[in-house]
Every structure is written in structure tokens, then in C-alpha cells.
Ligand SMILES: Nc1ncnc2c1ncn2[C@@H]1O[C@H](COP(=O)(O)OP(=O)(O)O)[C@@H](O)[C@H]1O
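Just one chain is shown here, as C-alpha cells, and it is the form predicted on its own.
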């Protein structure tokens, strides 16, 4: 299984204890392969964000095991997890999470700097990443001067700063209109197909289902079969 980038085995995440105990993710096992696009769908409160946070090494599972690129990340100390996040995982969020006081170029260059790419190399790479997402003419713009679709494209450029193997999107098209949502979905598809990156997206957005190699449904923290559509 050399092409398996991410592997979860019997992963569970609990919050609280006793009567306040909440089982957010319940015994989930799955694999994500190189170049694959996987959508995780389900109602609000089903555990999608918690599941993605564990995939992205932000949260630790209460039980179970997670491997990324052959390393069991669920067993690593916090310092090592931070290194994994910087080097191997890119994040794209619903709310963009751009630094408002920095220009488009500075937002991407800062991500590169954190990952260890500085100076002329960092400046050049930040420009190239923004050109790749169609924003080469907006390098000096502030996030407030961009449309929602443009902000999300900056977020994608920033997520790619350190050439991650795994790209994780948490509702990346939720705040976008149909045209920009499709543009972002197509861009993520290109990253997976052309660059061999694995992409996992949690979404309610049925408009982008056609980009996925697989669609997983999470209900009450467990993987479920595709929901039935009731005819009126």
C-alpha cells in the first residue's frame, strides 16, 4: 500500500466524562491514497470537523491509530506533531483565516518563512504560488480588498507553501457563490490530479460532489452508507 498517504484505524474521539461525555467520532477506519479527493459529508454536529482535526494532527484521538506517510502520528509528542503539520499538511478553512494587516503576498510568504523558506527563495516562491492560483496581479492587495473567491485562492496558495502531501479543507466553498465555489473545487481537483496531493474536504456543499473520487458520510460520529433520498 505504498500509495496510501493517510490511514485511520478504529479512531475515536471523546470529550468530557460521565454524563457529560460526548462521543464526537466513533470507531472510524479509512484510507486516503495519493492523488485522491475524498469528501466527508454529513449533518452539522456529525463529527466532520473533529475527524479532519485528527487527520490534520491538530487533535489527538482518544483511541485508535493514525498513520501519515507511513509514520504513526497519533503516537508522536507535540513538538513532532507541529513539525508534521508544517511539512506535510496544508489547511484551507471556511473563514479563510488570512492576516488582515498583511498583503496577499505577505500572507503566503509568512507561511513559507514558518516552514523554513526565507529570503529571495521565499519571495520568489510566494509569487509563483499566487500566480498559480491566478492572483499574480494582486500581490500587494490586502485581504479586505479581495472577493471571497480570491481570499480562498490565497488560502490555497498559503496551504501549498511547503508542498504538503495532504491538503485538508473544512467547508472551503461554504462562503462562496456557485461560480467561485466551482473554481475552488476545480483548483483542488487539479492539485490532486496533477501534483499527486491527497485532498480531504468536509462539506455540506452538494455542488462539488462531482470532483470527488469517494464521498464518505458521517452520521453521529460513525461512517454510514449514503443516505436515502425520500421521494415526495
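Every value quoted in this text rests on a predicted model; they were computed, and no experiment measured them. Numbering follows the first chain given and starts at 1.
Omitted from view is the form predicted in complex with the ligand, to which the following refers.
Comment: the ligand is not present in this chain, but in the model of the complex one of 34, 175, 65, 49 has a heavy atom within 4.5 Å of it, namely 49. The contact residue chosen from 24, 216, 208, 11 relative to the ligand in the model of the complex is 24, the criterion being a non-hydrogen atom within 4.5 angstroms. Listed stretches are 26-34, 40-48, 184-192, 65-73; the contact stretch with the ligand in the model of the complex is 40-48, by a heavy atom cutoff of 4.5 Å. For the partner-free chain shown, nothing in 181-204 comes within 4.5 angstroms of the ligand in the model of the complex, judged by any non-hydrogen atom.
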